[in-house]
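To begin, one chain is listed below as structure tokens, in the form predicted alone.
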């Protein structure tokens, strides 16, 4: 099958490679000319403009957009005038599902199909495959099935769930048609909200282990520092790299995220190359937004989002207000961390 990939970044380029390995013909386009040249050397047909992309494809055309959410609208605007009825645009990035709903209708009025695909797999997708959550018209999704099958991990990626029989379904192959426009990105949005919570749980638990030797440390004895009543219970110098390694084997908390954490701690036990400022690309916020609209409690997912905000010092004013109030009602002065060089 012939398909164009627009956006050749960390995921787009590897998706082209995986599609080509499966025998599909790929047209590669990116605003970065060097990225296009790299794909050309690997067998893809390069394009330098949206018009070149469209001209390189036979009707009906299939164009997969793998660009950041902030650039999807402009990218669609660049391609829309060049397309014909029956052509299909696929947004495989992390767009807000509401944008999909808003974009699909005007495109459909012009006969252009729009499919949203939540794509999970990251930089390891070339080897592992990509979990795909798809939204859009039935016929368009059916037409793209060979592409989804090529990108998805396949049935061998996991043991079959007990009770499932017969021919493996698409979800068992690694992709699922979740519903009409926006449904794919809605499912991916919640997937990423859960991801925030899982990551936060690992991080918080490991932080408790990392501080388990506090009973062996000298502590200030003053009115501003809560005493450690039983220091004898906190004299454990825990090896985090070793703990994550043993957890990977037979533990109920084993996962790919834990595998990656173990790898990071093995390479750098102090995680010295990281500052601990954690970004959020939107999906966690949108998950909370949906939960509020639905009246669904998601305290764990919400807390994990707030934690990311705190990691970027977005709670600085709140913390200053707390200090000011304590100073006001009780004359409490701030106690600074000498280990961090604070004055």
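Positions refer to the first chain, counted from 1. Only a predicted model underlies this, so the values are computations on that prediction, with no experimental measurement involved.
In what follows, reference is made to the form predicted together with a further copy of the same chain, a form of this protein that is not presented.
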Do residue 90 and a further copy of the same chain share at least one heavy atom pair within 4.5 Å in the predicted bound form? no
Heavy atoms within 4.5 Å of a further copy of the same chain in the predicted bound form: does residue 62 have any? no
Does a further copy of the same chain get within 4.5 angstroms of any non-hydrogen atom of residue 98 in the predicted bound form? yes
a further copy of the same chain contact in the predicted bound form: residue 52, any heavy atom under 4.5 Å: no
Tell me the stretch among 104 to 112, 80 to 88, 163 to 171, 138 to 146 that has any heavy atom within 4.5 angstroms of a further copy of the same chain in the predicted bound form. 163 to 171
Of the residues spanning 238 to 256, the ones with some heavy atom within 4.5 Å of a further copy of the same chain in the predicted bound form are 238, 240, 241, 242, 243, 245, 246, 247, 248, 249, 250, 251, 252, 253, 254, 255, 256
